[in-house]
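Alright, here's a single protein chain in two forms, structure 1 and structure 2, each given by itself as C-alpha cells.
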Structure 1
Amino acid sequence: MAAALQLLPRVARAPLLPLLWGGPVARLASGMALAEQAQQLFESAVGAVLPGPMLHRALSLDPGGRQLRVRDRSFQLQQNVYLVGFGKAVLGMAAAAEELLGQHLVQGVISVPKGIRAAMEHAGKREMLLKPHSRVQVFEGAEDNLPDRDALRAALAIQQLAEGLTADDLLLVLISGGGSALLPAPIPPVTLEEKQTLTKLLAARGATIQELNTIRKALSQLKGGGLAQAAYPAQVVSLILSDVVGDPVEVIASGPTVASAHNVQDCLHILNHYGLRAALPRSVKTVLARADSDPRGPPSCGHVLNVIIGSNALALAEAQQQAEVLGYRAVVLSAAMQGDVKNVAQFYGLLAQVAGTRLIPSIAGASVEEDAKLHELAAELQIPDLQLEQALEAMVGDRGPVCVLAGGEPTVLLQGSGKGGRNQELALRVGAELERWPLGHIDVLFLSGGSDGQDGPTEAAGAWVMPELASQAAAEGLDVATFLAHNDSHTFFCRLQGGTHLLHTGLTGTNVMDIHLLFLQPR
C-alpha cells in the first residue's frame, strides 16, 4: 500500500472519507471532497502512463549491459542503437530511453509538437526533457495537429537516419498520438499542402481516425510500414503509446512500422463516402493509381517488433486500484468509450440513475424502462469492451460507495463557435442529464479529463459536475442549454463558481485519450 500511495501523495494526506461510509464524517462529506478525490484518481491514472515509468516497464538492460530486453525478446547492444520518434508524448519517452541506453545510443531524431520543450520547462517537468548534450536531435512542428514544413523537415531527417542503417543496427521507434501530423512525407507528386487540405476535409466531414489514417498511409512514404522498410535490414523495435480505441498498431500514428493491409479500393471507398473523390487533385489520383499497379505490394515488416507500452486500459487499472485503496467498489466499464458526445452523456446520466436504484433500492430511482433504455443506448454506442452488467452487479445492495471508471474518445460535432473541448462538453452534458434524474440519498459526481492535460484548444484538461450543476448555473445567470448550443463549455465552466469545476493539470507529457470517472456515494 505504501508503494501505491507514493503515486498519490495528496490522496495519502486526504481523509479517507468513503472508508467511513455510513458514519457521521461521511454524512458531512461535501461535493468538494468527492471532487478532490476524483481529481486525485485522474492524476493517478495519468501517472501510470507517464513516459518514464512506461519506458522502464517495457525496456531493460541485462546486468552486464550487453543486451536490451523488450518483453521476452533480447537484442545485442554494441553501440548500435538509433532512435527516432514522433508524437505528443515522445519527448519524455526519448529522454527516458536515452537515459537507459547511455553510450549504446548513437544518434536520434524526434518530431514533437511545437512549443513542447518550453511548456515542459515552464511546468518544471525536467524528467520530460533531454539532457543538454543529448544525442537526440529535436524538431518541433505540426502546430494545431496539422502537418507543416517543420514536421516535413523532421520526417526527412528521420527517413535519412533510417535509410542509413545496417543489419547490425537496432532502430528504436517511439510512437504516440499526434504522430501522423508529425511525420508527413507525401509521395510525390502529392504536396504537403494537398495532403493537409485532404486531411482537414476528411476530419471536418467526420471521418474516423481509421479512415483518415487509411488515406494518410496511401499517400505517405513513411506511414503504413514505410519507415520499417526504410530501416531494413536493421532490426526495428517500436514502442507505442496508444491514443486509439482498442490499441490498433496499424492505426496509431498511421502505423509507420506496420504493413498496411489496405488497398486502393479501400481508399476510394472512403473518399467516395465523404464526397471527396470527384474533386481529388491529380497528384493524389496519380499516387493511388500507381499503388494499384505496384508489383512489390505493401512493405514487409518481418524485422519489426511492435509493442504497446501504454494505453488507456493501463491508466484505468491504476486508478481502479487507487479507488479501491480509498474504499470504493471500483469497476472499469470500458477503455473504448466512443460515439456522439450527446449519446455518451445520456448513457452516463442513465447509468447513474440505474446504478443509484440498485445501490439503494428504496429510493425512487430508475424504472424498468430506464434500465431498458440504458441497455439500448449501450448497444447503439457499440462499445466493444463494455462491462455494463459487471458494473451494475457491483452496485447491487447497500454496500457503500462506488466508482465507475471508463476511457476513450467520444466525438463532438462542432456546430457553434464557442470555446470548449470534448471533455468539458461531455461533463456539461452529463451535468444536465444528472439534473433530470435526481437521486435523493446519493452524492453523484462525474469527471471527464483528457490524459494529455489539454482539452481541445483550452488550458483545462476537463471538468467535473454534480446533479446540482444546472441550478448552481441558473443562480449565476448561466443557461446550460445556450452554452451547449454554441459548443461553449469552457466559457461556461470558467464562469461557473469562479472556475472551480475545471480540471487543471497542465500538459502531462503523455496521451492515452480521455478518462471518465463516475462516483456514487450514498449519504
Structure 2
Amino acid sequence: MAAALQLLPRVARAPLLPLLWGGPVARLASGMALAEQAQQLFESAVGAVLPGPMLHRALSLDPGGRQLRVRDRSFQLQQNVYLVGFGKAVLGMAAAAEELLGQHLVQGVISVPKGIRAAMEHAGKREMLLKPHSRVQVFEGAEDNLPDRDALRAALAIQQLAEGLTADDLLLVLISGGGSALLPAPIPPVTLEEKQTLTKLLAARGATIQELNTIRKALSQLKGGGLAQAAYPAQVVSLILSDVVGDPVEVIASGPTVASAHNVQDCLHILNHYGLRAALPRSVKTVLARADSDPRGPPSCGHVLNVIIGSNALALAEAQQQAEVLGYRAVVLSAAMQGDVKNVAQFYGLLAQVAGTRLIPSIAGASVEEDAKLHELAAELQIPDLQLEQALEAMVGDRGPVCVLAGGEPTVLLQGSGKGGRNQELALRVGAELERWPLGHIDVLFLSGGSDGQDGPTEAAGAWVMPELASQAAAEGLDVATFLAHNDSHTFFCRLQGGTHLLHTGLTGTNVMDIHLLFLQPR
C-alpha cells in the first residue's frame, strides 16, 4: 500500500482508515472529500499490479540459484538467459527480473514508452529503473501510444536478439499493455506509415482491440507468434500483464508468443465491416494475398510457456478490500466492461438510479420500466461475468454506503477532433446521465481512470463526476453536449473548476486497463 500511495502527489489525502464520525463511514461533508476517497481506492487498485511485486510472485530461484521456477515449471540456469520486453509496465518488470537473475542474464532489449525513464526518475520510483551497468538495452518510443520509427528500431533489435538464440538458451519475454505499439515490425513491402494509418482508421471507426490486433498480426513479422518463431529452438517464457478484457494471451500485445488463430478471411471481414477494404494500399493487399497462399500455415509455439502474472481482476480485488476497510459494502461488478462508451455511461447512470431507490426504498425513484431497461442494456453490452444481481442485492435496505467496482476497456467512436480519452469521455457522459435522475437523498460519485496513468494523448489518467456536474458547468459557461460532440472531454475537465475533477497520477509503470468506481451514500 505504501507504494500505491505515491501515485497521487497532487491530491491531498485523508488516512485510508474507517472514519468514526457519524458511523463506519462518515457522512462526508463535501463531494471533494468523497472524491479523495475514490482516488485513494484507485491508488490501491494500481498499487496491487505494480510490476516488481507481480514478477517476484511469478518467478523464483531454487536455493542453489541453478534453476528458475515459473509456476510449476523449472528451467536450468547456466548464464543462458536472454530478455526482451515491450509495454508500459516493462521497465519495472525488467528491473525486477535483472535483480532476480543476476549473472544468469546475458543480454536484454526492451521497448518502453517515450519519456518513461525520466518520469519514473522524477517520481522517485527508483525500483522501476534499471541499474547503471544493466545488461538490458532500453529503447523509448511509441509517443502517445502510436508506433513510430523509434519503436520500429526497438522491434528490429528484439528480432535480431531472438533470431540469434540456440536450443541451450532461455528467452524471457516481458509483455504488458501498450506492447503492440512498441513492437511494430511490418512485413515488407508494408511500411510503418501504411500500417499506422490503417490502424488509426479502424480505431476511429470503433474497432475493438481484438479486431485491431487481428489486423496487426496479419501485417507483422513478430506478432501472432512471430517472436516465438524467431526465437526457436530456444525455450521461451512469456510473463504477461494483461490489459485486455478476459486476459486472452493471443490478443495481449497482439500475441507475439502465441500462434495466431486468425486467417486472411478474418482480416477481410473486419476491413469490409468498417468499409476500408477498397482503400487498402497495394502493399497490404500483397501481404494478405501472400499469407493466404502460404503452405506453412501459422507458426507453432510448442516451445513457449505463457503466464498471466497480473490483471484488472487482481487490481479490483485489492480496491474492494480497501473499500470494505472504509466501511463500504463493496461489490465487483465485472473486470470486463466493454462496448460503446455511450452505452456504458447509460448503464452506469441507470445503475445509480435503480440502486438509489433500493438504498432508500421510501424515496420515489426508479420505475419497473427503468429496472427493465438496466437489465436490457446489460444484455446488449454482453459483459462477461457481470454481477449485476449481486450488486443490486447489496443495495437493498438502508444499510449504509455502497461502492461498486468495475474494470475493462470501453470503446469511443470518434466524431470530433477534440482532446480526450475513453476514461474522461466516460466520466463526462456518466455525469450527464446522473443529472437526469432524481437522487437528492443520496451522494453519488463516479470515477474512471486508466491504470497506466495516461488517458489518451493527455496527462490525466481520468476524471470523477457527481450529479451536479452539468449545473456546475453551466455556471461557468460550459455546455456538456458541445464538448461531447467534439470528443473534447479533456478540454472540458481542464476548464471546469480549474481542473479539480481530473485524476492526475503521472505514468504509473503498470497497465491493466481501466478502473471504474461508483459510490452511493445515503445522506
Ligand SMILES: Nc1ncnc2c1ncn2[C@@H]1O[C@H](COP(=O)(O)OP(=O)(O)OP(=O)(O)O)[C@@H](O)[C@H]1O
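Residue positions are counted from 1 along structure 1's sequence. Keep in mind the model is a prediction, meaning the values are calculated, not measured.
Of the two forms shown, structure 1 is the one predicted in complex with this ligand. Of the two rigid parts that account for the shift between the two structures, the one holding E43 does not hold Q67.
Put simply, the small part of the chain turns as a rigid block by 10° against the big part between the two structures, using C-alpha fits.
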